[in-house]
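For reference, the chain that follows is the form predicted on its own, supplied as C-alpha cells.
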C-alpha cells in the first residue's frame, strides 16, 4: 500500500477540536464504542479480509483518484478501525485526524464494496464505527457538526425558529390564494389522516417545492396537517456523525407530534 498522502485541507470542526482532546479522552471514546456498541462481527470482518482487492473497483473514491490504493475500501479499513484495534485504542490526535478524514470524506457508506466482497464483509459498518468514535469526540467536518447542533436546538437542520416556520406557512398560504380560492393550510390540526413532514431546505430555500406539494394536497382533498411546533423537518443529519442520541431525540419528536395530533399516518416528502 502506498503511503497515505493527502493535500492539506483545514477544517475547524476537526483541527480546532483536536486542540481540546487528550489521549485519555480518546481512549475512553474508543473503549465505549468497541466494548459497548460494537458486535462480534467487528473482529470477524477485520480478520476475514484477505485483501483480494475485489472491493477496489467498486469504490468511486478509488476510481476517481486514478486507482490510488490508499482509497481502496480494504485500505481505508486497515488505516482506521484496523489501526485502532492494532494499537488497542492507544492512538494519537494525529491518528484521530486521519481517521476522521477517511471516515467522513473518503467513504460514503454506500456499501457497494460489500456487494462485491466474496466474504460479504460490511465495510460500511466498519467505517461507521470510526464515524461514531469521531462523533463522540466532536471531531467531524464543521458543516456536519453545525447541522447536528441545529437538530439539537430546534429539531431542524437550518436553525429555523418556530415563528419563522409559522411565518413561512402563512406566506405560502397567501401565495396559494392567487390560484386556490380561500386556500387554508392545516397546521396543528387534530385527527387528520396524515401528518406531513418536510425537508428542512423546503422551508427556507426551496419554498416553491413546498408550495407545489401543498397545492397538490389541497386540490386533491387529502386530509392532512403540518406540525405547529418544532419537529416538522424529517431530515436527521445526526446520522452522518452517528450521533445516535440526537437521532433518537429527533425521531421521537416526530412520533410525539403524531400522537398529540392523533393522526393515522406520517408522510414525508422526497
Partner chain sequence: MEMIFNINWENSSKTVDLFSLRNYPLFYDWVASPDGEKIAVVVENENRETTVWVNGKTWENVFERVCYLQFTPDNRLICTVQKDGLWTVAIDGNLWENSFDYVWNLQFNQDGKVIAVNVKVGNQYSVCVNDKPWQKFFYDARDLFISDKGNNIATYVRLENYPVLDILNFAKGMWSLAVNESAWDKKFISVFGCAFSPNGEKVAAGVRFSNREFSIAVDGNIWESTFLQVWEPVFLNNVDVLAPVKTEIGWQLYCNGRPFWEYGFTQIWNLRVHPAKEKIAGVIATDLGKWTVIVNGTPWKYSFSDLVLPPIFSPDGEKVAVAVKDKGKWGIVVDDEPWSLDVDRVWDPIFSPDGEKVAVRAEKGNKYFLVINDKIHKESFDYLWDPIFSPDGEKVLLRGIKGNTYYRKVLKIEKIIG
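What you are looking at is a predicted structure, and each value in this text was computed from that prediction instead of being measured. Numbering follows the first chain given and starts at 1.
The form predicted in complex with its partner chain is left out here; the points below concern that form.
Asks: How about residue 99: is it within 4.5 Å of its partner chain in the predicted bound form, going by heavy atoms?
Replies: Answer no; every heavy atom of residue 99 is more than 4.5 Å from its partner chain in the predicted bound form.
Asks: May I ask you to state whether residue 71 is within 4.5 Å of its partner chain in the predicted bound form, using heavy atom distances?
Replies: Because no heavy atom of residue 71 falls inside 4.5 Å of its partner chain in the predicted bound form, the answer is no.
Asks: Is there a heavy atom of residue 192 lying 4.5 Å or less from a heavy atom of its partner chain in the predicted bound form?
Replies: Residue 192: contacts its partner chain in the predicted bound form.
Asks: At 4.5 Å between heavy atoms, is residue 170 in contact with its partner chain in the predicted bound form?
Replies: So residue 170 counts as contacting its partner chain.
Asks: Which listed residue (117, 79, 136, 197) meets the criterion of a heavy atom within 4.5 Å of its partner chain in the predicted bound form?
Replies: Checked against the cut-off, the match is 136.
Asks: Using a 4.5 Å heavy atom cut-off, indicate which stretch of 104-112, 184-192, 71-79, 85-93 touches its partner chain in the predicted bound form.
Replies: Looking at the other structure, the answer is 184-192.
Asks: Heavy atoms within 4.5 Å of its partner chain in the predicted bound form is the criterion; list the residues of 232-255 that meet it.
Replies: Contacting residues: 241, 243, 245, 246, 248, 249, 252, 253.
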